[in-house]
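As structure tokens, one chain now follows by itself in the form predicted alone.
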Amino acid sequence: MNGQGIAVRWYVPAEIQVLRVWLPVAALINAFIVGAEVLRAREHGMLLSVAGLAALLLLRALLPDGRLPWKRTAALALAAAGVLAGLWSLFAIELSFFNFWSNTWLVFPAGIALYWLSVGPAASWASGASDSAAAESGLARNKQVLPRLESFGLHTLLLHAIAVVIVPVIWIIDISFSPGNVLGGAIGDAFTLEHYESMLGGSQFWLWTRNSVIVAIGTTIVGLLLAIPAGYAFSRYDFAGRKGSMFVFMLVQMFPGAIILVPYFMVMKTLGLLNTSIGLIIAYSVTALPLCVWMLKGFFDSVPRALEEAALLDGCTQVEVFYRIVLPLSLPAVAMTALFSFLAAWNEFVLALVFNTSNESYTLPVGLASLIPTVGQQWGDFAAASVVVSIPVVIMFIAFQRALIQGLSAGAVKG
């Protein structure tokens, strides 16, 4: 086989490989942008987005293969059309963050394709000018260039994933510092502390906070007292009904929590536990118990039985083995379970709304929801209270992140 055949068969520039992957990704994102333009009822923006989407799809279909030079010409024309369409949309429509971001996903991929197909190794390969020497040097170059391009693309996706989480948080923080109760407006156009002063200076917020703290801590303690011995028993003992009980624990997680509202309400009413923290603690503990037991069982399974057998040979009782050997080794899983129980009780809304009918017994989720009635919504106060309520959760995640990571990975490998 001649040198030209070897080059065509084995060598594809790193730039072309990246374009083959990222042009469909850019097209998919532009498809979501078209849907957003439809929801915003912007006909002009929708037409430009559709044109850009079509240009990216055609560009991907006509990417050069190193054998047909006319594909390079067609791809250059489509890339140039995509760049022009994106720039026209950027300057013809009112400039905003969304418009800038959406057009970047058209201009940048098309512009990169235009540049790579115009100059450099990709342009030479696409025009059919590569030989065996160029293929050898190109393959060596791909080993250095391709990982860097892939890393750039991966970090781009991760930044977008982070933005999906960060942008709503920034929006809520901006509303909490903005005068009035308006949801729209430019970010950072005004500043006030009136919403924080209104929430922190009132007695209702602290009453709701006290109720939530009592319920969350109580749920965590009760949940651990029930889940730790249950998880250890399921892990170490083979008793009658063990497999059936484990199956039931998994089965109840498949049903939505709404189906238990009526039975729970009737039980709590009969026991006189409505509008009490004890009723919520019992309900939350029972609801979270199956998942907590399964998480702890998985970690207990990973603790070597040889450690317990050695302790038994040294004269320890089974209870001492558990508290002196197994439990200290299981602290990461216990911390993760405690965090899960605390957050489940701290953020739960439906049961707290059904069981509590008076303002004095509201927890924070129900209390915050009362700030958004049918008319006269207090969006600023709601945003300020939401920011304050989220601070303890953030602190807990930061403080327990090491134990959380260890607990999440626990039980993946036994022994």
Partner chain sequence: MSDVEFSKTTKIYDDGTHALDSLELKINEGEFLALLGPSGCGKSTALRLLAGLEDITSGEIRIGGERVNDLPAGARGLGMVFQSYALYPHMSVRDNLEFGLRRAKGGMRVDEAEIARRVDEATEMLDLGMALGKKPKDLSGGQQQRVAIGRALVRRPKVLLMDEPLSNLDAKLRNRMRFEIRRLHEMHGTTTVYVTHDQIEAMTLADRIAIIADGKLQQHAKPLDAYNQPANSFVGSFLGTPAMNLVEGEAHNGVFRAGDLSFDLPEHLAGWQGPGIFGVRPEDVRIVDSGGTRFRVGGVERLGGEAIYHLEAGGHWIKALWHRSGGGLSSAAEDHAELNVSLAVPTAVIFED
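Positions refer to the first chain, counted from 1. Remember, predicted model here, so these are calculated numbers, not experimental data.
Keep in mind that the form predicted in complex with the partner chain is not shown, yet the notes after this line are about it.
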Open item on the list: Quick check on this chain: which one of Glu136, Glu320, Glu197, Glu150 has a heavy atom within 4.5 Å of the partner chain in the predicted bound form?
Closed with: Glu320
Task: Contact assignment for the partner chain in the predicted bound form, among Leu146, Val267, Ala74, Cys316, heavy atom within 4.5 Å - done: Cys316
Open item on the list: How about Ile282 - does it come within 4.5 Å of the partner chain in the predicted bound form, if we only consider non-hydrogen atoms?
Closed with: no
Open item on the list: Please tell me whether any heavy atom belonging to Pro328 falls inside 4.5 Å of a heavy atom of the partner chain, as the geometry stands in the predicted bound form.
Closed with: yes
Open item on the list: Is Leu261 part of the interface with the partner chain in the predicted bound form - any heavy atom within 4.5 Å?
Closed with: no
Task: Partner proximity in the predicted bound form: Ile172 to the partner chain, non-hydrogen atom cutoff 4.5 Å - done: no
Task: Region of this chain that lies against the partner chain in the predicted bound form, out of 303-311, 110-118, 241-249, 286-294 [heavy atom, 4.5 Å] - done: 303-311
